[in-house]
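In the block that follows, a single chain appears as structure tokens, in the form predicted on its own.
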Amino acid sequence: MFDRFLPYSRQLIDKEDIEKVSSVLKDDFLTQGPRISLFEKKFANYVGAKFAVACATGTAALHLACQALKLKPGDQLLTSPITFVASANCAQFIGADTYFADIDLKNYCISPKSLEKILKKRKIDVVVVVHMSGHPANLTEIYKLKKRYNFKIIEDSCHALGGIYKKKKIGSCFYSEISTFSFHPVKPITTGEGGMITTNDKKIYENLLKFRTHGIHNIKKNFLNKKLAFDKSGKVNQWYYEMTDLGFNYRITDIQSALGINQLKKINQFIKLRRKIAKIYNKGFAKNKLITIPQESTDVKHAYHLYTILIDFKKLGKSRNEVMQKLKDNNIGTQVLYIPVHLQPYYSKKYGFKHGDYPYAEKYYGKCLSIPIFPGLKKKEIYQVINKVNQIISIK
């Protein structure tokens, strides 16, 4: 039995993080202050994008991304069924329709072949490419399809901060219009709650800033009501702003940004530790014929937000629920990430999706189990997890 419960993932907060957050509470700005723009600049610099916009959550980031790309009612967005529901819901918020393409079982990300089959039948306006578990999707093949079928790409990079695809950091938007991130406590870095959007397009960037704050802007050149905006000498009235679009209050705070800045300093160390844990797990489960370990393509750097094994429960003769409970009894937390979105009642009722529509996604779902991986995991605990998992997932 472990001395503590080990969740599948968790934050790592140190003394310096606490000090940085505490210092904000003594300053003038708790929100809408200088730490937000500093966080954005440091984040953009880290991933190699021109612009970054911090926001309230990863879900808010996806919603804002759809709005900035001018997705509208009647348009069509496509994503992977193996993702958190937010990747699909962002279209619903706007009144657009949501569709899916099946996954590639090698990396659990959207399959370009399955995507093209859909594109041949249906006009898709935006594809949300999910870098599942931290393994980058096949962006070059998806980008080729983008050029052929004329859709826009949002990278859902919530799992993949610190990941690399063909020498480009995830978030650089080399293959996409926009990338989105989440800073929920289980993610690579945390701000408690929070999100980030990156882009290389200045117009998209300006729209994101506007939509993040009620559709309001104070950019002089874009003012429409000249009589209200300027005084008789032609100077901008100091109080003036304009709401030109319907936006939201999706702001992040300086408190969160202070934590984010300090967490970002440690991202390379965090990813190094996650990859080290994954390497030990890979070796520890290599001989277990009931377990399939996650793969890593040669041209990527896996960020290992999740370490998800596939288990042959049929051969094992135990249900996933039994396995999860036995591991929980030993203080090992696990999670099923994710239930295929097309099987959620909302989507099956609205669009008629059913079992069998995306067989690889459903095959993955039938076998997947995410086990503990986070920077604060001790070496002794890693080996104890391996021993207990192998003990429970075995045929006697």
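For every residue, the number given is its place in the sequence shown, counted from 1. The shown structure was predicted, so the numbers you read here are calculated from the model rather than taken from an experiment.
From this point on, the text means the form predicted together with a small molecule, which you will not see here.
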Contact check in the model of the complex: L62, S182 and K187 versus the small molecule, with a cutoff of 4.5 Å between any heavy atoms. Do all three pass?
yes
Identify which of F223, Y149, Y175, F84 has a heavy atom within 4.5 Å of the small molecule in the model of the complex; exactly one of them does.
F84
Assert contact residue (the small molecule, in the model of the complex, non-hydrogen atom within 4.5 Å, options V126, L115, V130, I255) equals V130
Can H135 be called a contact residue for the small molecule in the model of the complex at 4.5 Å between heavy atoms?
no
Taking 4.5 angstroms as the cut-off for heavy atoms, does G162 touch the small molecule in the model of the complex?
no
Exercise: P294 in contact with the small molecule in the model of the complex, heavy atom 4.5 Å
no
Although the small molecule is absent from this view, report whether G58 comes within 4.5 Å of it in the model of the complex, heavy atoms only.
yes
Among 84 to 92, 235 to 243, 257 to 265, 309 to 317, mark the stretch whose residues have heavy atoms within 4.5 Å of the small molecule in the model of the complex.
84 to 92
